[in-house]
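A lone chain, given as structure tokens: the form predicted alone.
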Amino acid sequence: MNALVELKSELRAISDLNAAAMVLEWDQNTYMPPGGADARGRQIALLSRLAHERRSAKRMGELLSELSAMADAESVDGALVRRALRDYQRATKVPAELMEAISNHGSVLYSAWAAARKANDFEAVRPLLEKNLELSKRYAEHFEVDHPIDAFVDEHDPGMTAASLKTLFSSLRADLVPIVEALLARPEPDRSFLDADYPEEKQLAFAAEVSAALGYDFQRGRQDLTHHPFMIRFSSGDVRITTRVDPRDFTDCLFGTIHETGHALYEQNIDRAFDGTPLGAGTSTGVHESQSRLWENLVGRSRPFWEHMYPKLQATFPEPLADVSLDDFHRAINTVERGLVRVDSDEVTYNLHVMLRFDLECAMLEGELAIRDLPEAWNARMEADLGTKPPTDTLGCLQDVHWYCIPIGGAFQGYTLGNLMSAQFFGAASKALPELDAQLAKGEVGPLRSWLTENIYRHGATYFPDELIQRTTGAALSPEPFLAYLRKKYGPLYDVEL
């Protein structure tokens, strides 16, 4: 058999094993009864081990060695070999037994976290989180890196390291903190109308309407409820999203849905010929987050978008919104505040939440922060950065699912990278589409989605993040477009010079 044909066959088998595991994970996060946690952990762990064994098998190495000369991004097959070679090199560093243990523990830990979060009981989940940190450190030890977190950062955001991220975050923080302080010093807008009766059924229906209007194909996806919203892809024909509902605030469901729709638009518009291969997915966590944040914020919280959608929202919820003007509504959904929850935070303070988590991850992996001290460290950093202290651990170190289902490390930097990329990508799209604001005001999102598909989505993982950013925007990643976007948007909203 031709080596390339055999490689593609093996990669498809690995993809199918991973997809089967993800179906089980989706069920665990949506409909599985609590009693299924232990068995589900074993089931997912088995599929994870089988996929890992195939990915790191001797025959895989032989095939990639034979094909290594063609590994580049100049052709689809070359890009495929390049990605597969990278995955193989990472996989062969880690024993299958450890990967199985990590997967199994992640399933058990997730169910324990869901219960502990609901009960505000960090101590109930602490021993399991300590084991997760131990497994994470063991995983990192198999890589020759300058910092333990680099083993995870390289997996999620190729090309980035702890050192480069700390430099980037330090530069961003220096300009971001004065903007935050200036905006927080201004009077808050009236948000009282957001605290009203918004029936769950109507919220879900309106969110689905918006998702479909943005281009999400419900014939190749569905939306369900979960504790912590996510998007998951089983194949190009099955890309699912989830959300959650607060009956007193529709923005949680709506913007959570738009966020996950952004992820799904990326996955649904990847070249279908890449299905079942390493190219058939987003190229990095950061690029993926750039699309969820672009649609959620640069589109979904923009005034042009609501010029078209606000009358529809008022018709859906006439009692609380009938007398609220578009200007007041737009101002309210762009409030800058000392929020406690990352997923609910505004565009301006959001990155402070991310940098807090990244720094705590580094400290845990370095051995400088013990799990037992995590709640106190979290609360102290929140108070220092945002002037607010979580009243409960549910609103503190238990709020995010990441440390409670996957290894500790590399889970959060992609959110800030995504924010920076979103502004840089949107700026390039705006130059290519000079009528973009007018199009959005008429509900015409097709031109923007087509531009993103042509320049980002269809390529899947063909290019590494730095290559994709350079190709799409003509420049390397920089915090400047994001900072310029914040100043241009929030200065007028808050009547302050930024």
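All figures in this text were calculated on a predicted structure; none of them were measured in a lab. Numbering starts at 1 and runs along the sequence shown.
One more form of this protein, predicted together with a further copy of the same chain, exists but is not displayed; see below.
J.: So which of 244, 222, 248, 142 gets a non-hydrogen atom within 4.5 Å of a further copy of the same chain in the predicted complex?
T.: Exactly one listed residue reaches within 4.5 Å, namely 222.
J.: Just one of 455, 473, 439, 43 has a heavy atom within 4.5 angstroms of a further copy of the same chain in the predicted complex, so which one?
T.: Partner contact (heavy atom, 4.5 Å) among the options: 43.
J.: Would you mind picking out the stretch of 362-370, 234-242, 312-320, 422-430 that comes within 4.5 angstroms of a further copy of the same chain in the predicted complex, counting non-hydrogen atoms?
T.: Among the candidates, contact is made by 234-242.
J.: Does residue 36 reach a further copy of the same chain in the predicted complex, with heavy atoms at most 4.5 Å apart?
T.: So residue 36 counts as contacting a further copy of the same chain.
J.: Would residue 16 count as a contact of a further copy of the same chain in the predicted complex, using a 4.5 angstroms cut-off between non-hydrogen atoms?
T.: Residue 16: yes, in contact with a further copy of the same chain in the predicted complex.
J.: If we define contact as a non-hydrogen atom of the residue within 4.5 angstroms of the partner, is residue 20 a contact of a further copy of the same chain in the predicted complex?
T.: Heavy-atom contact with a further copy of the same chain at 4.5 Å: present for residue 20.
J.: At the 4.5 Å heavy atom threshold, is residue 66 in contact with a further copy of the same chain in the predicted complex?
T.: Output for residue 66 is no: heavy atoms all beyond 4.5 Å of a further copy of the same chain.
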